[in-house]
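Below you will find one chain, with nothing else, as structure tokens; this is the form predicted alone, and questions on how it binds or moves follow later.
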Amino acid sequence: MEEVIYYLTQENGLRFLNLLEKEYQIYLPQIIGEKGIFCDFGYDLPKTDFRLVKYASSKISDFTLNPYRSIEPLKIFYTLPKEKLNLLDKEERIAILGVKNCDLYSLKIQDYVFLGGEVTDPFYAQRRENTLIVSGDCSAFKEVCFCLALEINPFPEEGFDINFSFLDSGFLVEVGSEKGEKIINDGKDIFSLATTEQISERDKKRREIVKNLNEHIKLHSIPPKNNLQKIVKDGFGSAIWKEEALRCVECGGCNFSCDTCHCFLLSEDRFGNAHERVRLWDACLYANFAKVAGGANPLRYRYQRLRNRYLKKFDFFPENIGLIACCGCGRCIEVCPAKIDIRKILRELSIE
């Protein structure tokens, strides 16, 4: 597909939503409060939280996008926390706006798990097919963001249907798929071709966010991406696992908020007079995560389960598909009541 870059004014943003609404149920980022973690190094970083909610035209008067990722991981739209396994249920067509590059990267892991084997997950496959992803550049970052340490840019370059870049007077719009191209063609009257000056403005803003985020990440001394697999493997016997696990309360928040975590269990629930098979998210920090029918548990102790989480992300996936199963979104840091910080663990493993 030949790359053509478009421009959308701020005033035409609502018309763009009306265009999407004809085919999709829209999910938009909405401010829900300020609960972010304060920066240890004195940076005055934003703490506003965004959540993806269903769009209602009567409740929105201006078109805005989130400057950084929302609180919930993108996987929540593809593998539900709890769901009946009924293939007869029809999936709705949805458009998710404000998706960031960390979330797009995570789909590479989720796609491998649910679509990459000999048998694909029909629920996941149908939802992926029925989703229009409208991503956006990051124009700011939170204290917990560290995507660049994993060589993931704070702006999308692939994996989206449509991408929005913030300009001072509107948005630069890129098309990444046939689904996205159809939307642009249907709304020809609200888009114009981007000028050279507008593209230069976008590129300048991208360079600025990369520079600022890199400066912040350096303060945390996160080891280079290419060293992470060796660091975690060599740190198998490190005392840090037991030290950090002493604070862990086994809430599973890090697993459930993680963009790339994907473990689930199957069970049966009673619905009226019938029992139906259900799928639920599982968490490797739960005590019974690895317990088998005979009672044996190879991950009996909490520190073993904490270590397993890191081995899966930084050893198993690089070994099997050449990708680290962490996107640097920092959600696990933000949600953890024990203040366990993945950046700190990786840093301390690197200096042992």
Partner chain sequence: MKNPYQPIEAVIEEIIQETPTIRTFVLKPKELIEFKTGQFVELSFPGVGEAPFTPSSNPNIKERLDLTIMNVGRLTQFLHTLSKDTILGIRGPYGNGYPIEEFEGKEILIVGGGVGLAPLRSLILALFSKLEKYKKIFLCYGARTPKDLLYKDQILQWQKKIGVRITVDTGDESWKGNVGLVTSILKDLPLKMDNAVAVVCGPPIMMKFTTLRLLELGFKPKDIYLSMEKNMSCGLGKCGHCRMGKYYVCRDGPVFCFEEIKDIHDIWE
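Positions refer to the first chain, counted from 1. Computed from a predicted model, the values in this text were never measured in an experiment.
Form predicted together with its partner chain: not shown, discussed below.
Taking 166, 160, 123, 241 one by one, only a single residue has any non-hydrogen atom within 4.5 Å of its partner chain in the predicted bound form, and it is 123. Only one of 119, 193, 219, 249 lies close to its partner chain in the predicted bound form, with a heavy atom inside 4.5 Å, and it is 119. Proximity to its partner chain in the predicted bound form holds for all of 268, 289 and 319, with the criterion being a heavy atom within 4.5 Å.
Proximity of residue 264 to its partner chain in the predicted bound form falls within the 4.5 Å heavy atom cutoff.
For the chain shown alone, residue 256 is not a contact residue for its partner chain in the predicted bound form, no non-hydrogen atom being within 4.5 angstroms.
In the predicted bound form, none of the heavy atoms of residue 323 sits within 4.5 Å of a heavy atom of its partner chain. With a 4.5 Å cutoff on heavy atoms, residue 312 counts as touching its partner chain in the predicted bound form. Exactly one of the stretches 210 to 218, 275 to 283, 137 to 145, 150 to 158 approaches its partner chain in the predicted bound form with heavy atoms within 4.5 Å, and it is 275 to 283. In the predicted bound form, its partner chain lies beyond 4.5 angstroms of every heavy atom of every residue of 194 to 222.
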